[in-house]
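The chain below stands alone, shown as structure tokens; this is the form predicted alone.
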């Protein structure tokens, strides 16, 4: 990464005494909001606690290897008019390029049977009907797709309401959102049960639940529908790796006179007379601004960044802090001294379900005892997806394996230092890592004996680097109740304090990106989506 794109807070760059806006965190929501405000002539300061910017789009390196920590693939990048693509092109000045993962982007393995997710709606439906050829299953598949589009059609009003002033939201409520609410209040399992009795089919249709972190009986159907439809036209990966997202957004912020600081933790939001006026840094330095945008998540913002005396102004604060967080996770980062081509690594991801069709029971059993079988093993091959990987790291390749985990399993080590947590912690990590590796060898047996290094991260690692309370990667959970919380929006009861990030929209790259658009729209009191779409034509 070019260090010309951002500055270290520790090096004391020229920080202005006042900015038009300050963003807390450099995740995609903050970067999108900052870029859009910069394009309106605003001088924005982005403060990142970590030493590398980008939030869950950042990468880390170890011994001549590089891994993504959060982005593994993105959907909807091939359609010229897709909103996601149009917004990305706008905030990156079309400098961010995407590599197509090919016809097959996900391989779902339930016990020993593999089901391929293929790109293109009709192709996907045809392939699913080949796997499930009965007339009843075919009807269920058609109905499932119909419901995905119905949710998508009704979602516009739901997100539009997030940026309306309170009085307009009250007036508009009877006329907006009713269709979306109907689906939001149902779980994924309830909807799938209503269209099919085939447990195997339902397990395959819900197999991407790892992309939002909740099994079918817990998740709202609207988050499942958003994810499933998002990938229907295939999977895509940023050319050059996920760090290119930051690298291509940052110039717009800097060219407008803004700054992006790393190693720059915010201690507290400065609030005077009920109005956000800036931030207090960890070292006590005060930086003033007209607007403060927190991309740190609802829990971190309300619990840690709002001064105690200002908390009573947020009437929903207890309700917000009691909202459940998503699962923690284990990530196994693997490096190999061979190219992806030499090892015949696939571009498609694996979703492996060793226990069969009952995703909910598998999750519950594993979270009760980590000695039980993994409920899901997700395997990604970034070196195969990224056409520039070999150019950056000749003769090398990488793999990532992810599964769910509980923070409590590692809680006794949370106060220890990273990389120095002790022998017992290392033994537990090694045991889990070896179990994950065995799943990799089952489906890619040519890799046995070829691994150069591997490193397992746990929820306390995620907390250390990304500052989530329990090391979760998806922020707030996505049960039906979440979609009834009207306070999950950009505006807060504190004047000039706004929220952004996946907590105010939905999980993932698309959710974070659109949260930035909504936040910037709320701040500028304009329909930025319409402006972006018009400017693209």
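No experiment lies behind these values; they were computed from the predicted model shown. Residue numbers count along the first chain shown, from 1.
Although not depicted, the form predicted together with a small molecule is the subject of the following passage.
Visitor: Spot the stretch among 363-371, 284-292, 336-344, 264-272 with residues whose non-hydrogen atoms come within 4.5 Å of the small molecule in the model of the complex.
Guide: Going by heavy atoms within 4.5 Å, the stretch is 264-272.
Visitor: Taking the small molecule in the model of the complex as the reference, which of 499, 512, 44, 36 has a non-hydrogen atom within 4.5 Å?
Guide: Only one listed residue qualifies here, and that residue is 512.
Visitor: Between 465, 443, 132, 159, only one gets a heavy atom within 4.5 angstroms of the small molecule in the model of the complex; which residue is that?
Guide: Among 465, 443, 132, 159, a heavy atom within 4.5 Å of the small molecule in the model of the complex occurs only for 465.
Visitor: Each of 108, 214 and 404 having a non-hydrogen atom within 4.5 Å of the small molecule in the model of the complex: is that the case here?
Guide: No, none of the three is in contact.
Visitor: Residue-level contact is defined here as any heavy atom of the residue lying within 4.5 Å of the small molecule in the model of the complex; does residue 296 satisfy this criterion?
Guide: Residue-level check for residue 296: yes, a contact with the small molecule.
Visitor: Taking any heavy atom pair closer than or equal to 4.5 Å as contact, tell me whether residue 473 reaches the small molecule in the model of the complex.
Guide: Judged by the heavy-atom cut-off of 4.5 Å, residue 473 is in contact with the small molecule in the model of the complex.
Visitor: State yes or no: in the model of the complex, is some non-hydrogen atom of residue 71 no more than 4.5 angstroms from a non-hydrogen atom of the small molecule?
Guide: Yes, residue 71 lies within 4.5 Å of the small molecule in the model of the complex.
Visitor: Heavy atoms within 4.5 Å of the small molecule in the model of the complex: does residue 508 have any?
Guide: Flag for residue 508 set to yes.
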